Structure formats: structure tokens, C-alpha cells
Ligand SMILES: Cc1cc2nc3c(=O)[nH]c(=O)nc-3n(C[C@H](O)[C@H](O)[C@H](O)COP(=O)(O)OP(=O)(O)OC[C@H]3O[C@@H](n4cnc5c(N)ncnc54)[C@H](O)[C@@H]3O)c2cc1C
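As a starting point, one isolated chain is supplied in C-alpha cells, in the form predicted alone.
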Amino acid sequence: MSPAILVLGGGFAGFWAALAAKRVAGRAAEVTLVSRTQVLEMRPRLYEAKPETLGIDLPPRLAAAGIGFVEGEAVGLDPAARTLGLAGGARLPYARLVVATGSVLRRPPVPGAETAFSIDSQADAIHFDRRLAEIARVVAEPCIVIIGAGFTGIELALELRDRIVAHAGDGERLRIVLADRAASVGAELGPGPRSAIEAALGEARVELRLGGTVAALAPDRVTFSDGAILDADAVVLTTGMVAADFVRHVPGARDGLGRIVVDRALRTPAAPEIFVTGDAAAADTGDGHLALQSCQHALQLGRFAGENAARDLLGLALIDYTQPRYVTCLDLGRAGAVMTSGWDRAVEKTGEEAKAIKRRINTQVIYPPAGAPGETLLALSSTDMARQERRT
């Protein structure tokens, strides 16, 4: 029997890790992707309308490339025995393991946080969209409160009027409140794009409640620490992400987001046969910055981790992960978008020009090509291609 490379996680990093591992290993190793769902969710798009359409089926694409698929929930890991435990008792052996279990919403530690909506997963986004449809039908002057004025919160706030309209409601009568404990919107994005963001929020009549903390949440209200109470028809959390819970089984140091600190080859120093990638990895991009929990970084992290897992198994030299080119492209709804470059986030494009780039990213760049044969998918998993993408 051929040695097995297991890839755990069916998100962007896991999908491309499996393809990269298979491209390098060929027939010398079996590559299997393990995921609790058969769908690759288009998570960066879940602020948009029609979230039920924002996923693609994994098994056909994996099968085309000669990669196995196991649907199951991973619940345990035995690095000494090199086995992955699944719910129900099954244990899968591996010669190399790539952990790509992603991230989850960091809910604030306040009473009632579990009652708030989110758009963290496709199921969460569908649940919230059903509430939007109900609001559009039965509430004359609704109010939606978004807690978290970061990247996701901004994009969602600026999409909400049109989403109410899509459900045959009056989007102009919607009150949108965007709240954050930071003193400014998009604090983690820095001052570069802030003026474009603030202008778009002002034009869209999004109310800002900044510099305060939430004391409690309920389905119909937000209570702030200063005693103020804000009634709402829906409360949505966009409060950032932490590494998904499975990484607690992986030995090694962790950063403040719960991610495993990996070496330059994305390997876990405490268990060298385990590689960690995507939102689960605290990885240096090659210039002293840590990769962000973002699709942009996950796509490349996956390619490098999968290739290195196969290289390690075959006794080939490992390659250092690098991804120095960093851009952001933030959807600003009716105001277009804003695109920045570099870690200082210098604005390059705004308005409709940036919006065209955002549409291309959301509808083309992050998707595997539809109907592509296995050899095409394998070719696209090349880290050489990843390096070329950074130069374009």
C-alpha cells in the first residue's frame, strides 16, 4: 500500500494543499482530503446576497485529480502513532498530515453572544439571509446592528440596503448601525483606506458607534457598557477570527489567535511529519510579517504546505514559504471598492475601477476553474505559479 498524505480541512488552503501534494507525489503516495462537508465555501463572499449559491462541490474536483475524499469530523490526533481520529471511532493512518482546519468567529465573552447572527460559515450566512427576508416582509423601519467594524463588518454594512431590496423590501428605510470598541472603523487596516471607507459609510447612511464595548446581547437588543440600549431587528457579529478548535490537538507553540507557529516550510517543529497551513498557521510571509487569516494568504499557504508534505515524504528538499506581495481590496457597496498595496496599505484604486477588481477576485480568482480536468488543477497547484502570481 502506498504511504498516505492526509489533508485535513476542505477550505481554500486544504483544497490547494491536496492538489499540490498530489502533483508532487504522483503515484508514489495516496493523497486524501478529509472534511466535515463536501462543499468548499466561498467564505470571502458570504456578506453578499444569495449565500446558498456560494459554495462548490469538492469530491468531483478532487476525483478528477486522483485525490481521495473522506467526509468526517476530526476529533483527535495521535502524532506518535500517526493517526487521525474521526467522530464515530474511525482512525485514519498517515505518513504526512497537512492541517488546514481554518478559523472560526471569535464571539465576544458577553452574555447572549450566542444569540447573535454571523456570516462565519455558509450555513450561518443562509440563516442570517432568511432573517433578512423576514425583516423585508414584515418590518416597516428595521434596524440591523453589526458588532465589529473591521473588514467583514464594513463590507456587510455596505451591502445590507441592496440585500433588503433583493428580498423585495425598502432598503432606504433600513437603519444600519456599525459598532466597534475601536475609535475608528477598519482600525486594523490603518489610515490609508480610511477616508474612502468613511466616505462610503457616510453616503450609505451607516451610523457609527465607536469607542465603546458591548455588555450584553439579545436577539432584539444590544446593551453597551455605558448603559445605552439599542433595539434591533437583527444583531450580527463580525468580531474577528481565531484558529478553529482542532489545532489544540497539534503539538507546538501558538500565537495570540491560537494558530500553530510553523517553520519556514510550514512544518510543526514539535511534530515534523505534520504541516499546518491556512488560517491555522502562524507563518512568516518572508518579510517579517505574519500571514493573515485571509483567502489571499490561504491560497498560497495551501500550495506550499501540500508541496512540502509530499517533498518531505519523498526525501526531496523543502521550500520556504514566501508571500511578500500583499494587497487588500475592500468592497464598498454602491461606492465601489478601495484597493491598497503593501503592509502600509497605500491606496492604489478606488470607486468603480477597484470594484471591477473586487468582482474579478470574488467571481474568478478564488475559484478553481469550472470543469477543469485533473491535470489542469494539478498544474494550478504549483508553487512556481504562486510565485508568478505575486509578480503580476
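In this text the structure is predicted, and so the values were computed from the model without any measurement. Start at 1 and count along the sequence shown; that's the residue number.
Not on display, but discussed next: the form predicted together with this ligand.
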{"property": "In the predicted bound form, the residue from Gly212, Gly72, Gly171, Pro272 that sits within 4.5 Å of this ligand by heavy atoms", "result": "Gly72"}
{"property": "4.5 Å heavy atom contact, Phe151 to this ligand in the predicted bound form", "result": "yes"}
{"property": "This ligand contact in the predicted bound form: Ala13, any heavy atom under 4.5 Å", "result": "yes"}
{"property": "Distance check, Gly336 to this ligand in the predicted bound form, heavy atom within 4.5 Å", "result": "no"}
{"property": "Distance check, Gly102 to this ligand in the predicted bound form, heavy atom within 4.5 Å", "result": "yes"}
{"property": "Interface stretch in the predicted bound form with this ligand - options 338-346, 36-44, 60-68, 23-31, non-hydrogen atom within 4.5 Å", "result": "36-44"}
{"property": "Non-hydrogen atom within 4.5 angstroms of this ligand in the predicted bound form for each of Gly9, Glu155 and Met241", "result": "yes"}
{"property": "Partner contacts for 279-311, taking this ligand in the predicted bound form and a 4.5 Å heavy atom cut-off", "result": "Asp279, Gln293, Ser294, Cys295, Gln296, Ala298"}
